[in-house]
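Given next, in structure tokens, is a single chain: the form predicted alone.
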């Protein structure tokens, strides 16, 4: 559904995007993460045939972003940081106008506009001028516009920014419903919890280059190592030495707890508990300490900085 090869964009000698390679199948959701100025927006603009690549190529829904730009634009729904809403128009007229731009007939325009306004809680405001909308309402209307022509590919830049928690949840639930075997979604976001909830894959971009990408599980393993577990006791160990199985490595310990990592928890954890209970030690709990996406992101940035410093 979407594939890039060495996708790059230069502005006045500066490479805003430099050698981006991505591959997404139908039904996949990718979260594109990175600091401000990393190249996320420039990448999205090339994928939507708004900017022409300086080098490399991109195929979107089977169409080349340079040679078949019109077909690409018809295949994507885009939510940009700057929505370009027409403040004097009522919401329903605004969607009807864009429905005409997308080539929908009158019945399709009304049916889809009514459904989207209802789904995003804007039905009662359909005849209100957009200039009177709150930031959150504007965000939801812009997302409705992106969905109006039922595109197979969605490119969403900060889809829940400026929203209250209830509206943000509504939008995230909508994105989940939009996942299908026929639709591919790219989300640019600074909200790491949102990315972890919605995405199948993560790509982290810095200084125009992808520094890490893959499934969340593979990135956690490759960047942070095996999952950590914490074992707590009902009373202090008073110097009692805990011997971990050979496939476990201690990370830290305290008076009444020990933390370790293992790549084989299905073998290590039952064996460890059996040994401790046979010794009469008062085990209170054993819990997994999952790696957060924030730690993955920060580790990827740190690794990138080390590599950059080593190449200077």
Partner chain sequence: MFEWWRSQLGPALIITRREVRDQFRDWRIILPVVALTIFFPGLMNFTAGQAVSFVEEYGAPIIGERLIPFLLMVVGFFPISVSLVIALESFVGEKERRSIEPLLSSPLTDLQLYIGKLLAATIPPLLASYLGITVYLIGVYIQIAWTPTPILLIQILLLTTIQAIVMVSGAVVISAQTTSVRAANLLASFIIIPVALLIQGESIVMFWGRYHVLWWAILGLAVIAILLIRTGLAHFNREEMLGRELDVLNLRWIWRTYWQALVAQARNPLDWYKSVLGIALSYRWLAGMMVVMLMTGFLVGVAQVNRFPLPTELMDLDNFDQRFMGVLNAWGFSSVAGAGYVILHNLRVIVLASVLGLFSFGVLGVIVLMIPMVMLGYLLTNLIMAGFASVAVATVLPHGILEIPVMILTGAAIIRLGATLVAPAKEMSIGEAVLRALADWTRILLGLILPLLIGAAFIEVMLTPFLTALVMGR
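Residue numbers count along the first chain shown, from 1. Everything quoted here is computed from the prediction, not taken from an experiment.
From this point on, the text means the form predicted together with the partner chain, which you will not see here.
Enquirer: Quick one: find which of 117 to 125, 197 to 205, 67 to 75, 168 to 176 has residues within 4.5 Å of the partner chain in the model of the complex by heavy atom distance.
Expert: Checking each option against the 4.5 Å cut-off leaves 67 to 75.
Enquirer: Is it true that 260, 265 and 273, all three, sit within 4.5 Å of the partner chain in the model of the complex, judged by heavy atoms?
Expert: Result no, not one residue of the spot touches the partner chain.
Enquirer: How about residue 90: is it within 4.5 Å of the partner chain in the model of the complex, going by heavy atoms?
Expert: Residue 90: contacts the partner chain in the model of the complex.
Enquirer: Would you check, heavy atoms only and a 4.5 Å threshold, whether residue 40 touches the partner chain in the model of the complex?
Expert: Although the partner chain is absent here, residue 40 would stay clear of it in the model of the complex, with no heavy atoms inside 4.5 Å.
Enquirer: Evaluate residue 145 for contact with the partner chain in the model of the complex, applying a 4.5 angstroms cut-off between non-hydrogen atoms, and reply yes or no.
Expert: Output for residue 145 is yes: heavy atoms within 4.5 Å of the partner chain.
Enquirer: For residue 85, is any heavy atom within 4.5 Å of the partner chain in the model of the complex, or not?
Expert: Contact with the partner chain, yes.
Enquirer: Counting any non-hydrogen atom inside 4.5 Å, which residue from 183, 129, 190, 110 sits next to the partner chain in the model of the complex?
Expert: Exactly one residue meets the criterion: 129.
Enquirer: Using a 4.5 Å heavy atom cut-off, which residue among 59, 251, 244, 50 comes into contact with the partner chain in the model of the complex?
Expert: So the residue touching the partner chain in the model of the complex, by this definition, is 50.
Enquirer: Which residues from 94 to 108 come close to the partner chain in the model of the complex, meaning a heavy atom within 4.5 Å?
Expert: 97, 98, 100, 101, 102 sit within 4.5 Å of the partner.
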